[in-house]
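Only one chain is included here, represented as structure tokens and corresponding to the form predicted on its own.
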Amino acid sequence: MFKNITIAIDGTAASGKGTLARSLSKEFNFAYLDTGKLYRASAVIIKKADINYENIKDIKKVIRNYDFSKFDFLNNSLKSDEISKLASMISGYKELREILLEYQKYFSNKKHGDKIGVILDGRDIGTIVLPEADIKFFVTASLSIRAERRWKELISLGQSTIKRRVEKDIRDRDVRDSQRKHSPLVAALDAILLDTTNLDANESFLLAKRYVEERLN
């Protein structure tokens, strides 16, 4: 009988959780969903539809009727500063979170070809989306390190920005994520804490890999 193994990876902005999730999914043949991209995609969609981010009624209508299978999740616009901020502002809406939660649970419970399980990363995976996940990680790093990583990413995408401004944006994002009323960013009580401040991507991967191997064996 098929046993869908689930891994939840939560963490702060630019902590390295997405890179870790992608690496683990490739190593262990897991299906992967970057849930943050669902909120960024929603931001792109409402921006193109010229919907004010405070108009939750119209946001709910357009997102509920949208077929995300047709969205280009590789589009670099998802990584822009503007879309990142907009996604952060609308992510606190309970109505939007409920719509996207349906898709996340659907993805988590379906069989993905020969994949042995699923990995989801985001900010409420271990607490809301997959509270019974087989393995939970909570990834974090110091604010200065995260700002440095995010700044370098934006520069690599050809976006002109100031590191000090990037750090402020991340600090503001931390506050919004941790203090929002619905599904705040918080480590699940049974999550494995990974502080990547002094770890590069490969070192973080090798550390997490050991935990996964112990669970699978």
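Being a predicted model, the structure only gives us computed values, none of them experimental. Residue indices: 1-based, along the sequence shown.
Not pictured, yet referred to below: the form predicted together with a small molecule.
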Please tell me whether any heavy atom belonging to Ile125 falls inside 4.5 Å of a heavy atom of the small molecule, as the geometry stands in the model of the complex. yes
With the partner left out of view, is Tyr39 within 4.5 angstroms of the small molecule in the model of the complex by any non-hydrogen atom? yes
Heavy atom of Arg180 within 4.5 Å of the small molecule in the model of the complex: yes
Mark Ala87 yes when one of its heavy atoms lies within 4.5 Å of a heavy atom of the small molecule in the model of the complex, and no otherwise. yes
Assert contact_stretch over 141-149, 69-77, 106-114, 90-98 against the small molecule in the model of the complex, heavy atom within 4.5 Å, equals 90-98
All of Lys17, Thr35 and Arg173 within 4.5 Å of the small molecule in the model of the complex, heavy atom check: yes
